[in-house]
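Heads up, the chain below is alone and in the form predicted on its own; it's given as structure tokens.
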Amino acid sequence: MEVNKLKEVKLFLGPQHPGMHGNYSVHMYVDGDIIKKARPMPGMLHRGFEKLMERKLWMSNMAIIPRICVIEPDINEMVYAMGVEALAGVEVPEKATWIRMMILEMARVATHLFALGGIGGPTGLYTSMYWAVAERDLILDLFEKLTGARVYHIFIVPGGVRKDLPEGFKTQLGTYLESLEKKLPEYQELLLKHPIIHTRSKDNILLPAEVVHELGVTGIGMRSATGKAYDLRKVKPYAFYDQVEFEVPTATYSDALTRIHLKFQEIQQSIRILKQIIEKMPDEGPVKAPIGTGNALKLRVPAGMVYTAVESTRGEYGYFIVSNGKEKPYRIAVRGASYPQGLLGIERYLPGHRIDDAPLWMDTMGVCSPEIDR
């Protein structure tokens, strides 16, 4: 009896684990190196955003919302601004819309690079981590030049963006894209063809189509399992995504290796989109529409309710916003894209995997912890 009690051990994974994706903890009950039960504990960083936003002024929330997903903060700015604009009947200027798209696709590249680099921690292929993080840092340099900040930009605001592009920014971005595109074959050789990655990720961390439907997974998780090119940028275009050409990578066998492939392909498509944005964006024009009375802190949004959504690197990311016509939101609910695979998926489908595969689940599934404990 005493031996049986010792057979199952409770093991804490994260948030200190170098292979973990964000400040996230999983309490695992293991037998040897096999996970028998998993209990996710996402509230290790930021939490309670929805109620916090209901106690802040409409414009004050702009400093809070990027923190709901640290690695891809700009989607929060965009979807919140879209909701306020829909309720207030505000039309965003053309140039501001192109700038918003530019920011979103830059963030998409940076997030996918971070994820691809994150594969190096749990697999021991640290070269990929060094390369990808360094490459992402170059995008953060561009964000700093554009917004004044490297991570939390607070640049997309209701009505448009805070300011116009700095002089020469489009040229600098174009130069970076050309440089990244030339390096992609090296990343492909390192990540997609490396025997370590194949051994650890091929036929591992499977996400069958029936599980996708059961959990409500969207994004790469869904597209890699079902072969369906469901991407909000295509099926429900926002901004000017209907004016640019790009493909939505899909597959019909969702193991960890397939999801790594799709992340890589999405970087290629984002480069393609960004090049078109640079070409199509007008040189002149306003970048912000007037909203409210002119005093941002006294902004009152007309009463009503709206759901707005964008395509994040993890799938559909939405806000349900209710206004009662006062200076603060009445209700806000966040549809975090990584909630299904980051909470229900870990509880139901991580058991049966090995301990060292848990970080691979977090990284290839794209789990951003504050989206869950929000």
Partner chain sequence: MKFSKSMLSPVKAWKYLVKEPVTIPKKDIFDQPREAADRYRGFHINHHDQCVGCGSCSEICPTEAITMIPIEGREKALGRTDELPAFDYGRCSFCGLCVDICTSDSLKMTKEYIHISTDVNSMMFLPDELGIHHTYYENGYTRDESSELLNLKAYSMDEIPHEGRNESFMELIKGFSKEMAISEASRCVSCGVCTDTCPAHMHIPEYIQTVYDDDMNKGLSLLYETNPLPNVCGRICTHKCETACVIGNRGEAVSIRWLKRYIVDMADDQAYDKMIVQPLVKPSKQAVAIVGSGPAGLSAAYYLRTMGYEVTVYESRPQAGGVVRYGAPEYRLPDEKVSEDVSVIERTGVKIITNTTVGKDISLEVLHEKFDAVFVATGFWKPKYLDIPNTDHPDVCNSIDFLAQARDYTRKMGPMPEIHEKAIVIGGGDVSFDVARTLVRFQNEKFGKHHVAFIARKDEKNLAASLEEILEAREEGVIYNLNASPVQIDVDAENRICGVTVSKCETLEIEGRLRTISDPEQQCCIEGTQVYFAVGTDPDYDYLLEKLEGQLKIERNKLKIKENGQVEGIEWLFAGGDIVHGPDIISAIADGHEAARGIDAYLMKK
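In this text, all values refer to a predicted model and were calculated from it rather than measured experimentally. Positions refer to the first chain, counted from 1.
Absent from the display: the form predicted in complex with the partner chain. The rest refers to it.
J.: The partner chain isn't shown here, but in the predicted bound form, which of 104 to 112, 219 to 227, 160 to 168, 272 to 280 has heavy atoms within 4.5 Å of it?
T.: Among the listed stretches, the partner-contacting one is 160 to 168.
J.: Report yes if any heavy atom of T97 sits within 4.5 Å of a heavy atom of the partner chain in the predicted bound form; otherwise report no.
T.: So T97 does not count as contacting the partner chain.
J.: Is there a heavy atom of A63 lying 4.5 Å or less from a heavy atom of the partner chain in the predicted bound form?
T.: So A63 counts as contacting the partner chain.
J.: Do T175 and the partner chain share at least one heavy atom pair within 4.5 Å in the predicted bound form?
T.: No.
J.: Since only the chain is shown here, I'm wondering whether L299 would be in contact with the partner chain in the predicted bound form (any heavy atom pair within 4.5 Å).
T.: The answer is yes: L299 has a heavy atom within 4.5 Å of the partner chain.
J.: Would you mind picking the one in E247, D242, E144, E91 that has a heavy atom within 4.5 Å of the partner chain in the predicted bound form?
T.: Looking at the other structure, the residue within range turns out to be E144.
J.: Identify, from the list M82, V287, L180, I260, the residue with a heavy atom within 4.5 Å of the partner chain in the predicted bound form.
T.: Only one listed residue qualifies here, and that residue is V287.
J.: Between 105 to 142 and the partner chain in the predicted bound form, list the residues on our side with a heavy atom within 4.5 Å.
T.: Those in contact are T127, W131, A134, D141.
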